[in-house]
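Just one chain is shown here, as C-alpha cells, and it is the form predicted on its own.
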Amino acid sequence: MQLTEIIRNVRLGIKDLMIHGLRSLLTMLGMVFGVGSVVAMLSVGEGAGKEALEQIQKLGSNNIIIDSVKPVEQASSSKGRFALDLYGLRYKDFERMVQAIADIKSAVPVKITREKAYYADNVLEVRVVGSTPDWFQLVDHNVLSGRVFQASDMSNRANVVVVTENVARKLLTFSGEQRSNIRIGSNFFEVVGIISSGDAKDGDGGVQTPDSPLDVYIPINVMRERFGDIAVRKVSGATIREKVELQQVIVQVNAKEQVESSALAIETMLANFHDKKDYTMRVPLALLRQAEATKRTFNIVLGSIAGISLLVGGIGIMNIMLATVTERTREIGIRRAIGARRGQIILQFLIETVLLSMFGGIIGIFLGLLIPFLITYFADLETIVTWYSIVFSFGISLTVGVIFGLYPAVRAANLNPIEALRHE
C-alpha cells in the first residue's frame, strides 16, 4: 500500500471524526483518563518508594547494623523507685565480632546519649555520638570546615567534638569560630570540625539511619570517661537507671556476597552470649532488595488499576465505532459497489479508531503530567514521572484502540454491498 493512500485515509478519517466532533471528544475521554491515571499513579508510586530506597542505600549495601534494644519482658518488669536495667550490646561483643569474623573490613562501636549543649547564650539539645574515626568512613559526610577527630585524639583522650551543620547554625550561629569551646552536659569540648547534616529525623517513621541532623561526635573512649555507661531518666515519678555499654555496632564486610553469611555468623555469636534478645540486626542489602520488590509490586498494582480505565475507554471506542458502522452502512455499500476492497474498508475504520486512541493518549499524557505536579504542589508529596510510564501508557492506548477497533472494522467490511445500498 502506497504512502499517499495511507495519508489520504488519515485525512478522510480526521474529516469523518470532525463531522461528529462532540461525540469523538466524549469517546476520547476514556483514553484521556486512562492514560492520565496510568502516568499519574505510576509517578506517585515511584515517588513514594524513592525516599525509602535512598535512606536504605545510605545505610550502605555492605554494612550490617546491630542496635541495642530493651527486651519487652524486661521493660514491663522494671519496677521500683531506683531500678537498674542492664541490656544491649557489650564491649566484649564488639571485640568478638572483629576477632572471629574474617570477612569484616571495618567495624565501629557506637555510644549514644542525649545532652544539652551550651555556647554563649545558646542552648540546644543534641545527640552525642561516641565512636572511632572509622565512623566517618562508614557513614558518609562532607567535611565543611576543619577536620574529623583522629586516632591521636583517642590516644590522647582529647576533649574534641565534631558537629553537624545544623548544630553549628543553631548553636554556634555560624560565627566562623572553628576552634570554639562548647559545653556538653558539664564537660567542655573544642569544636575541631563541621560536617554536613544527616537526612534522617528521629521518629519520622522511616528507615532509621545511623546519623541525625543534630549530632555531635566525640571519641568513644572520651565519651565513656565523661558520661559513663549508665543513663538516668525519670518516668512517671520513678527514676530509671539503664546500663547500656554500646547502643550500636556498624560492621562493613568486604563484598556484598559476604553480607548475609556474616550477618548469620554475628547473629549466632550474639545468641550464644546473650540470654535475652536485647539487640536487633538490620541488613541494608536485604532491606534494599525487599524495598525494590515492594516498589515493583506497588507499581504493578497501581498500573493494573489504572489500566482498567484504558479497558473501559476501549469498550467505549468499540461501542461508538459499531454505531458509526450502522450510520454509514449506505456509504460502505457505495464504496464497495465502485470497487473498494474489504481491506480498504477495514483500514479506513481502523485508522479512525487509532486516531481516537492516539489523540486521547496525547491529551492523557498531558493530564498525567499535570496531576503529579498538583499532588506535589498541594499535598507536598514527591512524585516522579518516568519516561517508561509515558511510553507504556501511550503504547497500551494505541493497542487497545487497534484491538477494540478491529471488530467494528471487520464487521463493516463484511457487509453485503447490495444489502448495504438498500439501507436507509
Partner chain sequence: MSKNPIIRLENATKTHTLGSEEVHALDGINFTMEQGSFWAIMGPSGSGKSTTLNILGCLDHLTSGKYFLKEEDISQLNDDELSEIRLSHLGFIFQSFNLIPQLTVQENIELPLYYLNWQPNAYAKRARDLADLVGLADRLNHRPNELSGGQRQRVAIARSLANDPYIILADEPTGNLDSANGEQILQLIIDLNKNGKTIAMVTHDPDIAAHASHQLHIRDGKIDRIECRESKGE
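Here the structure is a predicted model, which means the values were calculated and not measured. Positions refer to the first chain, counted from 1.
A second form of this protein, the form predicted in complex with the partner chain, is not displayed here; the remarks below concern that form.
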| request: Kindly indicate whether Arg8, Ile334 and Gln344 are, all three, within 4.5 angstroms of the partner chain in the predicted complex, using heavy atoms. | output: yes
| request: Could you tell me which of 326-334, 218-226, 165-173, 124-132 sits within 4.5 Å of the partner chain in the predicted complex, going by non-hydrogen atoms? | output: 326-334
| Might Leu12 be said to contact the partner chain in the predicted complex, defining contact as any heavy atom within 4.5 Å? | yes
| query | So, in the predicted complex, is Met18 in contact with the partner chain at a 4.5 angstroms heavy atom limit? | reply | no
| task | Using a 4.5 Å heavy atom cut-off, state whether Ala340 contacts the partner chain in the predicted complex. | result | yes
| Any of the heavy atoms of Thr353 lying within 4.5 Å of the partner chain in the predicted complex? | no
